[in-house]
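Just the one chain here, laid out as structure tokens, in the form predicted on its own.
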């Protein structure tokens, strides 16, 4: 019976997202049928009712993905945030529950940076006030005298996706650009012509305009409080087109009322859609309703990206933009993606062919990988093993925790490779015994993946379709008997690989088959002459 995956969408998305989900590209198509429930801006009670049987939630800032919602979601495996920020998601609880959280960083970069500069220009040139006065019939050119940006100093907190674009635009207005970001290398500062400040205090002391471009998290919430605001030059300006809560709103209101800060332009607020009334009504404040990503171009990119990420997650692949995937940076080369899939398949294979109580899993890798890439392979191997060995939903997020709960150890080691051939060996060791099973694989030229060994038996076989793993005595007639038996049961052989340890000794065969195989057929194989064992390995 075909499984139906329910995707609940609670925020407005560009039509491209719905088109991709309804008409999946062949390279991203999932085997399950999708039931898409599109209820943008639905009330909370409706969302809580719908979430109970939802597998994938696609949300925007309007939906609080909090503990109440997550605990009602009995089938939820993916939360996809159609934006950069994810402050409305309880990521710690999602991780604990094995729920993958993804977002779409960089897709509204230009839109948010352009809005930041637009807000700054509107503020220093008093454009909104001049518009309102003139459209009402007034004509007072002297009342709306402003200041230029040239030679002013803008201090940027966070030189990431949006911050570095703001730096570039500010340079175009002949501003001096200084920045504070302890997680960015010196090369990035140089590339963006931004002077590095080693502390936030150094930056505040020198800037005329302060613009924040950091995510909202435990580290950044309230990072610009009354203390920080008072460290700025008197007469400064505050910009926040990043996240509400980074700049303490009541503290900002206090320094605005004092005249210490002369203006603020804000797109994001602590309490949306009902921000602090005294702040948004202040005569020296310009506000917009969280429209940093509200351009046709950004919405298209976000919609396209979020749909692709959801389809990748449903296919069991590593997504490009994981929020809570531990220790894993964005996947770089296609080689790593293929290698990680191979690692998962090999370990899933290994989980289905041992007959003892496991204690230690070990992955030995022969390749040229960095620490982060090696971690990807580790998580892939754990996920592959547990996908067969655990009743829980296993993701890249919760794989290590489930492994720990199972009392299993995982070891990984790497030796450099001097060729275009990457190799891995997945081993399962018995508990308190000398029993061991090993499965080896090879990746040629970054794209041709083959299973290469089981214990001492050598093969070269693709790891797709279901496989029959068969052990037999090396005697005449075995292959003929097996082929005839499978043909009699309408089983088509896609590939047959035979390996033996010595002539007349033991032999092992791997048989790739087309279609499904009934358990009764496998049981019948075991009854053939000279067969020692036969089992089906599936889910590859």
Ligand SMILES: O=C(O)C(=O)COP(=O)(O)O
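This is a predicted model, so every value here is computed, not measured. Residue numbers count along the first chain shown, from 1.
Form predicted in complex with the named molecule: not shown, discussed below.
Enquirer: Tell me, yes or no, whether residue 61 is in contact with the named molecule in the predicted bound form, where a contact means a heavy atom of each within 4.5 Å.
Expert: Yes, residue 61 lies within 4.5 Å of the named molecule in the predicted bound form.
Enquirer: My question is simply whether residue 85 lines the interface with the named molecule in the predicted bound form - judged by any non-hydrogen atom within 4.5 Å.
Expert: Close contact exists here: in the predicted bound form, residue 85 approaches the named molecule to within 4.5 Å, heavy atoms only.
Enquirer: With the partner left out of view, is residue 309 within 4.5 angstroms of the named molecule in the predicted bound form by any non-hydrogen atom?
Expert: Because no heavy atom of residue 309 falls inside 4.5 Å of the named molecule in the predicted bound form, the answer is no.
Enquirer: Since only the chain is shown here, I'm wondering whether residue 290 would be in contact with the named molecule in the predicted bound form (any heavy atom pair within 4.5 Å).
Expert: So residue 290 counts as contacting the named molecule.
Enquirer: Can you say which of 76-84, 356-364, 225-233, 423-431 gets within 4.5 Å of the named molecule in the predicted bound form, counting heavy atoms only?
Expert: Correct option: 76-84.
Enquirer: Between 243, 345, 383, 197, only one gets a heavy atom within 4.5 angstroms of the named molecule in the predicted bound form; which residue is that?
Expert: Contact residue from the list: 243.
Enquirer: Which residue among 340, 108, 305, 395 has a heavy atom within 4.5 angstroms of the named molecule in the predicted bound form?
Expert: Contact with the named molecule in the predicted bound form is made by 108 alone.
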